[in-house]
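Take a look at this single chain in structure tokens; it is the form predicted alone.
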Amino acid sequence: MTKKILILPGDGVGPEIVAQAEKVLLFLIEQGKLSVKLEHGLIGGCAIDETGSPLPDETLKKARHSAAILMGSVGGPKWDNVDRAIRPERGLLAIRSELALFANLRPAYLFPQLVEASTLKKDVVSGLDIMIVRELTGGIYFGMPRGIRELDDGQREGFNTLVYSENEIKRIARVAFETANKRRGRLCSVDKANVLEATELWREIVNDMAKEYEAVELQHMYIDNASMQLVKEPKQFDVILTTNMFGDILSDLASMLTGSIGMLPSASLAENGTGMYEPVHGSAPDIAGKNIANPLATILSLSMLLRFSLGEEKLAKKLEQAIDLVLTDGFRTKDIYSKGMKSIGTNEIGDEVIKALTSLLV
């Protein structure tokens, strides 16, 4: 049976960057390297405009029958005044929850050609290769009760609940330990166990599970120290395990180590093998439609899709090599441009990736 890939371009720059990854997918299909069926759907603000919901039933139905989902980005100022319950971001949170995409893998890898694009010193970031494992369907983003209420004195109060069950912690910790086992054998679990009981339990369970992984060196850091250490000495990290909110923050911080948030892909995985793949960055509506957005994070997300959902390890490596060649040849979008490089647009860098991939598949 032919596997289905659902494409959800989303909002802002989403359609532009996803179009480049889709070009690569279609090229691989045309070359006989892949046998998959592509479907399309709506999510986020564009879905609200079309259907009134940030995650239409039709999209969710297609997602449930897909081997993988390739997504762009959601949201933008256009929908800031929409009712909180149906804002674009609710569609993203809902699809993660409905498909049980609990494990978010966010690699922060610095291509050698982009050392100068990082805002940190060359000796600090050269050779950077970190994997952030973020719990994605629990924590404060999903905890109940939540809301905004009016108190007796007339003041309004916003409230959210941070909660993690033992099973939620165990399953994401296992992903992190297994990932560290396959890399350099070091795992740093990031929490705030000194003041948050939910992460006190987190630390306790991670320590218990470490007994099953004697080859993995485990350490713990509080989120504030981990943030500082990522800037001070980022290469000390191999795999970082953390909660939903802390992972959201740390991965954006790590993006600047690599030169641009436009270079960071991600994979969100369920226990049954389903995966959703998307760039870490947002919808960037201020540059939408200008052919200047960096699509490489989305194309790298496609590489993760090939690897994790389709089992196409060789093709994934070829695609990563193609991106490496494009950067070696000096092609850059605006966000990673430096003097002496060749500044090109979103569409053009997608074309260059296909040219490089063509040479590698001969």
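Numbering starts at 1 and runs along the sequence shown. Note that the coordinates shown come from a computational prediction; the quantities given were computed from them, not determined experimentally.
The protein also exists as the form predicted in complex with a small molecule; that form is not presented, and the subsequent description refers to it.
So which stretch, 196-204, 93-101, 152-160, 219-227, is the one near the small molecule in the predicted bound form (non-hydrogen atoms, 4.5 Å)? Only one stretch qualifies here: 93-101.
Does the small molecule, in the predicted bound form, lie within 4.5 angstroms of each residue among E89, R106 and V280, using heavy atoms as the measure? Yes, the whole trio is in contact, each within 4.5 Å by some heavy atom.
Please tell me which of F111, Y164, Y141, F246 lies within 4.5 Å of the small molecule in the predicted bound form, judged by heavy atoms. None of the other options qualify; the answer is Y141.
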